[in-house]
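Quick setup: one chain, the form predicted on its own, written in structure tokens, and binding and motion questions come after.
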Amino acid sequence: MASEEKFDKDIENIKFQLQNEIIKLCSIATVSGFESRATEKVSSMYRDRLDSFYCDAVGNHILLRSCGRKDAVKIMIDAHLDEIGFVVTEVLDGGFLRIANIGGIDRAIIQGAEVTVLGDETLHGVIASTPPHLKGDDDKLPTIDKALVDVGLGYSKEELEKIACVGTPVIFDKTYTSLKNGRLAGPSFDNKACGAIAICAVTSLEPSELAGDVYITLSCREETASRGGAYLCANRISPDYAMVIDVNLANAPDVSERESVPMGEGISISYSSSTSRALTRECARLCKEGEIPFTPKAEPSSTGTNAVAVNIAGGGVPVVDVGLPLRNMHTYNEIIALDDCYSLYRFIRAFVTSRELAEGFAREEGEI
């Protein structure tokens, strides 16, 4: 009984660590297209736990954990770093900024939202909302390009332009709340939560335990580009095989069961024409052998993730697509379950330590 209690306590400690790491990384502003602004903060979090840290010209962050063996296979784990947000399009008198969305944002959730304007000074603001008394019978939501951020009266247009000119990024305020049953709510879990979990999992292992050199790519522009930065990462690294992790729609009363996966019951593994059937099959085997809960998800043509881009990079990369269930996607209160985070943590550890995968997917010498 004592050993079981210690085991349970160890699991809770890992979940607590994962929660802290997720909040730390998600609290860093990384609006799509502005990822390079975060390099110093991301580097300070992880440089001492990795063998190398690199940010390329477009904002991809590439982290290496080496196994220490010569000619080892290259294993890539991608979790995109960028988040949805806004950009200032016009500065107005009276402390108002007009904005446009970066990435897909549901306009139903923005009125009254608290935001941070990342100008030469950090400004806190609220997205203005027209009172219902003045809307009359027109209950249509305004388009996002009509939205205004109110940063407080007292600024002339000229004064405000010196602080937050056109092109300044804007993010939802970073507030995180613990819910019942190990749920965590807040912004930017898509997809920095997966990146934080991947780094925790890989750095929890000794180099000798790794089946190869592990490259974790916190890639850029997934929310705004068809290929995103993961394509460039895969071309640079030329991995033998890869895993793309992203959030996946979790079941909720208003979400189709066919298009979603259960929350609190582990990760999802996609079966798609844009992923490797052989690698996907082996990953399902790893889950079964390790008793890691997972849900198979059929996505016939595309996963809607960076897996599509990684698969066709270079001479082609065997890739598996893995999902972390998430509710309220692309809002300022996304929800994840720490049980699922722990399942993903366990799966990543199994993935990067599997000698069977390393032997089965290593490219032969001279192979393109």
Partner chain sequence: MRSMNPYHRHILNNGPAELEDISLVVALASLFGPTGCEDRVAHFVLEEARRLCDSASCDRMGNVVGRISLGDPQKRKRVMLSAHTDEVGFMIEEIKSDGMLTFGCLGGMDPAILAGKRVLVGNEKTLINGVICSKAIHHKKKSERDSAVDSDKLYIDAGFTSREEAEAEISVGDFATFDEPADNSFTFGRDGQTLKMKALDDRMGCAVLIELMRKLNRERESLSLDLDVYFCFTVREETGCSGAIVVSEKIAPDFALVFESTAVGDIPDAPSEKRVAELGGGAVISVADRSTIYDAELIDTAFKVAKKNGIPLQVKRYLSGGNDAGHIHKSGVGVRSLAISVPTRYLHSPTCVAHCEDYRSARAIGFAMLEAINEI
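Given the structure is predicted, the values throughout are model-derived calculations rather than measurements. Residue numbers count along the first chain shown, from 1.
Another form, the form predicted in complex with the partner chain, is not on view; read the next lines as being about it.
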Is Leu118 one of the residues lying within 4.5 Å of the partner chain in the predicted complex, judged by heavy atom distances? no
4.5 Å heavy atom contact, Ala298 and the partner chain in the predicted complex: no
State yes or no: in the predicted complex, is some non-hydrogen atom of Phe96 no more than 4.5 angstroms from a non-hydrogen atom of the partner chain? yes
How about Gly154 - does it come within 4.5 Å of the partner chain in the predicted complex, if we only consider non-hydrogen atoms? yes
Under a 4.5 angstroms heavy atom criterion, identify the one residue in Ser273, Ser204, Asn181, Ser208 near the partner chain in the predicted complex. Asn181
Residue (of Met45, Ile335, Leu64, Ile28) lying close to the partner chain in the predicted complex, criterion heavy atoms within 4.5 Å: Ile335
Within 4.5 Å of the partner chain in the predicted complex, counting heavy atoms only, one of 70 to 78, 211 to 219, 244 to 252, 193 to 201 shows up; tell me which. 244 to 252
Determine the residues of 320 to 341 with a heavy atom within 4.5 Å of the partner chain in the predicted complex and present them in sequence order; the list may be empty. Arg327, Asn328, Met329, His330, Tyr332, Asn333, Ile335
